[in-house]
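What follows is a single chain, given as structure tokens, in the form predicted alone.
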């Protein structure tokens, strides 16, 4: 079964989230090795957890597409959550990398 446009958009957002998180992990690991503070360590753990979550989401979108494509309401919620996550990660990326 082919993915609908909402789930396709959610997959794209999960991929963009992953791409945004990769440089954040690098910057925060470098900062942790320099400063060693708990806050930066927490940021590293946050980014790694978000990377794992987005990678699993992409995997499940492709391996369990029929689960997501069955209900349009679920598709909308998944897309909204991916969109909110993208906005949050983009804001962190902007403030970290500028």
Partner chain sequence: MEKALWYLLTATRGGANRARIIDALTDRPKNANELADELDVGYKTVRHHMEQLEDHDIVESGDESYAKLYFLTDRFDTYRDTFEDIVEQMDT
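This structure is a prediction, so every number in the text was calculated from the model and none was measured. Numbering follows the first chain given and starts at 1.
Just so you know, the form predicted in complex with its partner chain exists too; it's not on screen, but the next bit is about it.
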Touches its partner chain in the predicted complex: residue 36 (any heavy atom, 4.5 Å):
yes
In the predicted complex, residue 27 touching its partner chain (heavy atom, 4.5 Å):
yes
Taking 4.5 angstroms as the cut-off for heavy atoms, does residue 43 touch its partner chain in the predicted complex?
yes
4.5 angstroms heavy atom contact with its partner chain in the predicted complex for residue 96
yes
Between 6-25 and its partner chain in the predicted complex, list the residues on our side with a heavy atom within 4.5 Å.
none
